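Just the one chain here, laid out as structure tokens, in the form predicted on its own.
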Amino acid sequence: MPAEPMTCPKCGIQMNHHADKLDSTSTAALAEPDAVNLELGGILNEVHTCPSCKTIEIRRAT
């Protein structure tokens, strides 16, 4: 399922969905226990990059 578009907070351009990363640290699980994907063993995050200013943003995958 494709990620919803994300707008760069610095320059307002639509960001590119660069990758999905698994955060399997216990700190992440303690901070957001409802977000833990039990099949993957952690929290899945989306990484987005701005093609203009190179800003990187991370958000929890849905």
Partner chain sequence: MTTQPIFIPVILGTPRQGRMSEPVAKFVVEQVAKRDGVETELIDIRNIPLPTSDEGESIKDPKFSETMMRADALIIVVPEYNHGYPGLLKHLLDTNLKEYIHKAVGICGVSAGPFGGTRVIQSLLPVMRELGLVNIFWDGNFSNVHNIFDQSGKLLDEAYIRRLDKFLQELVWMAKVLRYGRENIASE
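Residue numbers count along the first chain shown, from 1. Here the structure is a predicted model, which means the values were calculated and not measured.
Missing here is the form predicted together with the partner chain; even so, the following discussion is about that form.
Open item on the list: Please determine whether residue 12 contacts the partner chain in the predicted complex, using a 4.5 Å cut-off between heavy atoms.
Closed with: Close contact is absent here: in the predicted complex, residue 12 is far from the partner chain, nothing within 4.5 Å, heavy atoms only.
Open item on the list: Residue-level question: is residue 47 within 4.5 Å of the partner chain in the predicted complex, judged on heavy atoms?
Closed with: Yes - in the predicted complex, heavy atoms of residue 47 and the partner chain come within 4.5 Å of each other.
- [ ] Please run the contact check for residue 7 against the partner chain in the predicted complex: heavy atoms, 4.5 angstroms, yes or no?
- [x] It does not: once the partner chain is placed as it appears in the predicted complex, residue 7 has no heavy atom within 4.5 Å of it.
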